[in-house]
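Alright, here's a single protein chain in two forms, structure 1 and structure 2, each given by itself as structure tokens.
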Structure 1
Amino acid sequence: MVDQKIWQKLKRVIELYDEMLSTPHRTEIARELRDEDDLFLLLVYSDMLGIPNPAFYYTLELYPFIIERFHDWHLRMGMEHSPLDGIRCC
């Protein structure tokens, strides 16, 4: 019983230590993934932004899944207000 308690504590210490060191790395991975996502969103919205997109018909189907991320995306892209008329945003 005592052994198990010590083991649990040791496990927690190792987890904390790992978290201490991996926090900055996780941030960078998240940033990289977000950059990839941003590029993908640009491709999806490209036709509405005036860039011809041959896959527009298919990307249209994705709108319900990505629409909630639209506001954050246009803010990150440096546009204070929505650049698109077709999507209701700020």
Structure 2
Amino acid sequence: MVDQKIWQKLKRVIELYDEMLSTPHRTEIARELRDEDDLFLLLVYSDMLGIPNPAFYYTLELYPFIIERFHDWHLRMGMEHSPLDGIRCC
């Protein structure tokens, strides 16, 4: 019983310490994840944008899963309207 209480308190201290370390870097982490996501979407849509992609055949399988994020992506990339003829979102 006593060991369990000590273990719970120690676990809580470790969680608080981890939170203190990660809080200032959350925006940086979110930015890096968004940049990775943008690069991935560029790779997937590169053949449709005119950039040769040797893995185009395999990335076709991903289109149904990432089509919902396409609108946010092309706006972040500075394109007012969809650059692809086959995908109209605006």
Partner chain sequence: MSGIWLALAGFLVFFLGYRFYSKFIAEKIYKLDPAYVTPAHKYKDGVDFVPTNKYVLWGHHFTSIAGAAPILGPAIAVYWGWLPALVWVVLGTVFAAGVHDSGTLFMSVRNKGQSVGTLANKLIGQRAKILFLFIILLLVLMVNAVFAWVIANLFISNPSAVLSVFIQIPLAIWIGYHVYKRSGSMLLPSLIVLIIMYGTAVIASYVEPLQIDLVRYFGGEGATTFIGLNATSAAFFTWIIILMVYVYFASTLPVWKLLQPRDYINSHQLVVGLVILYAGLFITSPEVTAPMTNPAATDTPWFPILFITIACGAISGFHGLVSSGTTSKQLNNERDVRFVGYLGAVGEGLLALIAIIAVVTFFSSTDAFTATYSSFGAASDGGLGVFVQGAAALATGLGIPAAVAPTIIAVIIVSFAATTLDSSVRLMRYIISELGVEYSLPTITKKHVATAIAVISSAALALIPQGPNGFGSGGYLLWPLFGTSNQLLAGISLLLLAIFLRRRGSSMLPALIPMVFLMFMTLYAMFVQVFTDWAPWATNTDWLLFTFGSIIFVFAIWIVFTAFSVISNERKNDKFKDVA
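Note that the rigid core is defined as the largest set of C-alphas that superpose within 1.5 Å between two forms. Just so we're clear, the structure is a prediction, and the values are computed from it rather than from any experiment. Please note that residue numbering is based on structure 1, beginning with 1 at the start of its sequence.
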query: Assignment: the form predicted together with its partner chain; finding: 1
query: Per-residue C-alpha change between the two structures, I14, threshold 2 Å, rigid core fit; finding: yes
query: Threshold 2 Å Cα movement between the two structures for G78, core superposed; finding: no
query: For P24, CA displacement between the two structures after the core is overlaid, in Å; finding: 4.0
